[in-house]
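We begin with a single chain expressed as structure tokens, specifically the form predicted on its own.
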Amino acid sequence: MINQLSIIGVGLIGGSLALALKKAGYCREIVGVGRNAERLNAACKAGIIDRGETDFKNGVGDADIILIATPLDIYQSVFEQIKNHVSADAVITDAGSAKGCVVADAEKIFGRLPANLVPGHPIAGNEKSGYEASIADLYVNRRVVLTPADSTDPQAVEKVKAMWEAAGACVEITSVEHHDRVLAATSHLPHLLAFGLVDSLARQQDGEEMFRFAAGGFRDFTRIAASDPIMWRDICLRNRDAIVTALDNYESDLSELHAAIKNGDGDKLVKIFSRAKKARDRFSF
């Protein structure tokens, strides 16, 4: 049971966790912390948080767990503002889509990686953003990845794990490096492909007509291109090395596919498509 959860950045991710924990009866008080008092008040009226604070000292001083759910590019600022106000027993975690940059930011501000910091990433969400999009069952049967260091307090890890499990999630633990490499290929790359395809078609002379004739496959594939451009800019820049590697690998495979079509190599196309179908059929999402 959490006495006070402080969520810095009450958007889809933080708001959905708040609703999930309220539904589970797992948290006595949820405090939203941010710069926009008007939006915090609105989130409070909507029943997502119990109170809002624009002052970081008041927002996190009594927290058992602090969740950072802001854009990745302001983590350093957040760490700077909370470092003198976190109680000795409090646990800090986050929901960022890249983890190496979180560790680097924490080490820069705190001088070392705090033992009470448990980097995390809920692999859930949609193309919507803001507290208005929050849903209580967003994390049910979804994975949350934690990436503690060897120096991380095991009790802190257990507290964060229990919190996400109370929200319905399945928690896995891995290394920072493994997380960033896998997510670059399975999450960041698909978003880049969706953004790139929609942008490419929109800039063509008959782009409007193309969209008018687009069918379900195009809609399903490009849904995530409606995601927040600023958030995805930050992810691309802050997980740059792993994403560049994923792009390099994909470009190589795409060249193989391009050559097969250009050369009329039907056998090669069947081989690629069959291999892809077999791999996709093994997994359920």
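Since this is a predicted model, take the numbers as computed values, not measurements. Just count from 1 along the sequence shown to find any residue number.
The same protein also has a form predicted together with another copy of the chain, omitted here; what follows describes it.
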{"property": "Proximity to another copy of the chain in the predicted bound form, single hit among Ala185, Val176, Ala162, Val86 (heavy atom within 4.5 Å)", "result": "Ala185"}
{"property": "Candidate stretches 154-162, 190-198, 103-111, 132-140 - the one whose heavy atoms come within 4.5 Å of another copy of the chain in the predicted bound form", "result": "190-198"}
{"property": "Contact label in the predicted bound form: Met1 to another copy of the chain, heavy atom within 4.5 Å", "result": "no"}
{"property": "Asn58: touches another copy of the chain in the predicted bound form, heavy atom cutoff 4.5 angstroms", "result": "no"}
{"property": "Contact test in the predicted bound form: Arg233 vs another copy of the chain, heavy atoms, 4.5 Å", "result": "yes"}
{"property": "Proximity of Glu256 to another copy of the chain in the predicted bound form, heavy atoms at 4.5 Å", "result": "yes"}
{"property": "Another copy of the chain in the predicted bound form - contacting residues of 257-283, heavy atom within 4.5 Å", "result": "Leu257, His258, Ile261, Lys262, Asn263, Gly264, Asp265, Gly266, Leu269, Val270, Ile272, Phe273, Ser274, Arg275, Ala276, Lys277, Ala279, Arg280, Asp281, Arg282, Phe283"}
